[in-house]
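As a starting point, one isolated chain is supplied in structure tokens, in the form predicted on its own.
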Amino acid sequence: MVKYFCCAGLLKSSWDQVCVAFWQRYPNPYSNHVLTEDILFREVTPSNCLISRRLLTKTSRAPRWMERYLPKHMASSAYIIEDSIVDPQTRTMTTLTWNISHARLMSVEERCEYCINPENGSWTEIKREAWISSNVYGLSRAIQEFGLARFKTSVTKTMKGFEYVLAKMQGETPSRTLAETATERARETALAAKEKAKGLASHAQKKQYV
């Protein structure tokens, strides 16, 4: 069984500004859990669409009852694949993300579409869908509920992070001061995570671009 979730968000900035902010949104005070981001593939199609694939390394602390199902060295980190396509003709950006670590325990797939708000051409609308599943016998429902709750919290932080980056781009004072995003220990952790992620990425399940 799969847990499905959908929602819509609104950013009071133009589609062009949001697309630029999308590539500049890390770091921000709401994304300290994002350790690294690496471009694995990028191409401009004959129709001028920009297709990209990125690997994101994030901290992902599991609850204690779930930790016993994870290897000790993987219990606090997660590796995410993000596919995106930016279409300047239709003025849409579509992203598809999914986890390549802990996938047997819990799989989270998210699809987002960024488009011009029909009521105000200067604003951007985000349509978000998510599918959360687990195959752990006897615990799948509890794991899915945990995944859904964490996903909803993540959406709130994502929107706040977007607003923060957009405010800085537009020369405004963000509502929150940008905190230091890495201590020496965090940098070492990120470097180690990147090396592990490269190996995992090479075994990632192939998916078609959205």
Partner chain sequence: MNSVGEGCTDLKREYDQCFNRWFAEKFLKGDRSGDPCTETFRKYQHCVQKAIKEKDIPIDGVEFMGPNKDKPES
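What you are looking at is a predicted structure, and each value in this text was computed from that prediction instead of being measured. Numbering follows the first chain given and starts at 1.
There is another form of the same protein, the form predicted in complex with its partner chain; it is not shown, and what comes next is about it.
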With the partner left out of view, is residue 144 within 4.5 angstroms of its partner chain in the predicted complex by any non-hydrogen atom? no
Are any of the heavy atoms in residue 117 no more than 4.5 Å from a heavy atom of its partner chain in the predicted complex? no
Even though the partner isn't displayed, in the predicted complex is residue 29 close enough to its partner chain, meaning a heavy atom within 4.5 Å? no
Tell me, yes or no, whether residue 106 is in contact with its partner chain in the predicted complex, where a contact means a heavy atom of each within 4.5 Å. no
Can you tell me which bits of 36-50 touch its partner chain in the predicted complex, meaning any heavy atom within 4.5 Å? 36, 37, 38, 39, 40, 41, 42, 44, 48, 49, 50
